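This document opens with one chain alone, in structure tokens, the form predicted on its own.
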Amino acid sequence: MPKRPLEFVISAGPTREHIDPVRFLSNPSTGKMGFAVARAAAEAGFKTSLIAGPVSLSTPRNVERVNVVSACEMLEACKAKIASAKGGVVFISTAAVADFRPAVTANKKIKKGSAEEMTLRLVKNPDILKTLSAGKRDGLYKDLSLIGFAAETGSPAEEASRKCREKNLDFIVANDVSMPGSGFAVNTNRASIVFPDGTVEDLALMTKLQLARKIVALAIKGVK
């Protein structure tokens, strides 16, 4: 596990995968959860970097922000921040990263013309957490803790438990985005903390900042 000095690197917001210069694939993430986590880590006195997709939020105080657009850009920025850290790193992946991107991005606006339909071929984006986990396993990243988020519908804890084991995470935060007060663009969240041994801690509805402070506290406890 990481030893102090400890740094936090947090990914937040959506990614955009451009089809052409004016159209893209994305999702409704506003970045509120990730920005709350960054604020909580900085308030706890840790050097904090925030890798942010396209959002309209102000940067929390004492947080270094790196703006990115696509999933590939976000991965490279996360890798760079982790590699340049002077001590241990806690990486918290709150970003809603697009799973796929267009196989080809047009450099000019695609004209509608007379076509009634268009086929868009997609290719899979890299999995940021899985990539970092592989780097940790292979010794590329030392003293690295990995914490994930699973925004699901239906049975979030079950799917989160699979992701936690598959990506070798310290723990994962799962929430059902279809539930009132825990989806995108709201200031609250109702989450479950899922650990690698299958233990699940269900949390009550709370503000995203309250949840962020709990996540940071758990991360710090795990690396002492």
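A residue's number is simply how far along the shown sequence it sits, counting from 1. Note that the structure is predicted; figures quoted are calculated from it, not measured.
Omitted from view is the form predicted together with cytidine-5'-monophosphate (C5P), to which the following refers.
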Problem set entry | in the predicted complex, segment of 105-113, 134-142, 82-90, 121-129 with a heavy atom within 4.5 Å of cytidine-5'-monophosphate (C5P) | 121-129
For this session: Flag K167 as yes or no: does it have a non-hydrogen atom within 4.5 angstroms of any non-hydrogen atom of cytidine-5'-monophosphate (C5P) in the predicted complex?
Result: yes
Exercise. Going by a heavy atom distance of 4.5 Å, is E73 a contact of cytidine-5'-monophosphate (C5P) in the predicted complex?
Worked result: no
For this session: Report yes if any heavy atom of K163 sits within 4.5 Å of a heavy atom of cytidine-5'-monophosphate (C5P) in the predicted complex; otherwise report no.
Result: yes
Exercise. Taking the shortest heavy atom distance, is V97 within 4.5 Å of cytidine-5'-monophosphate (C5P) in the predicted complex?
Worked result: yes
